[in-house]
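As structure tokens, one chain now follows by itself in the form predicted on its own.
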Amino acid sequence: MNNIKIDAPTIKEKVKSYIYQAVHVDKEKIRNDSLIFKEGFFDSMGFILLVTYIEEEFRIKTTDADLLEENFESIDAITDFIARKTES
């Protein structure tokens, strides 16, 4: 897959928009550092949909080694993960 170069603020806004739409809660309830799985905003099905969204939106391929909690635990973590994947 061809990776695209995109800046972190743009990545963060796209991820936030997706998460807000997916969980249907007030935006104020989810901060950039909210633990979206531990706080109950996402479950395992939500995780699969999130990974699918990331792969399609940012044209990256996640590997089994990428599927670590620290890469997806918050908006900040997801942004950092996508930024690393689009740089390589």
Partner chain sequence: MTQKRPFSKEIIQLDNIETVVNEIVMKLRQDVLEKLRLNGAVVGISGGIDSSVCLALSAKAFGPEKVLGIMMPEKDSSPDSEMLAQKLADKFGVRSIKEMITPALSGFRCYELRDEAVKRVFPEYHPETHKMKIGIKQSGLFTSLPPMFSLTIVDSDGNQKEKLLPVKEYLQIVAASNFKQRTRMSMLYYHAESLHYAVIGTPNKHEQEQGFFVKYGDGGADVMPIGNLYKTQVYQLAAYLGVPEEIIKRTPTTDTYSAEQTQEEFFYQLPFDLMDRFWYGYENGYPAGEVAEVMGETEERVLALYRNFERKRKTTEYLRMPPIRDYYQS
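Residue numbers count along the first chain shown, from 1. These numbers were taken from a predicted model, which means no experiment stands behind them.
There is another form of this protein, the form predicted in complex with its partner chain, and it is not shown here; the text below is about that form.
At the 4.5 Å threshold, heavy atoms of Val25 stay clear of its partner chain in the model of the complex, well away from it.
Its partner chain is not shown here, and in the model of the complex it never comes within 4.5 Å of any heavy atom of Glu13. In the model of the complex, at least one heavy atom of Phe42 sits within 4.5 Å of a heavy atom of its partner chain. Taking the partner from elsewhere, Thr62 is found to have a heavy atom lying within 4.5 Å of its partner chain in the model of the complex.
If you take 64-83 and check each residue for a heavy atom within 4.5 Å of its partner chain in the model of the complex, you get Asp64, Leu67, Leu68, Glu69, Phe72, in sequence order.
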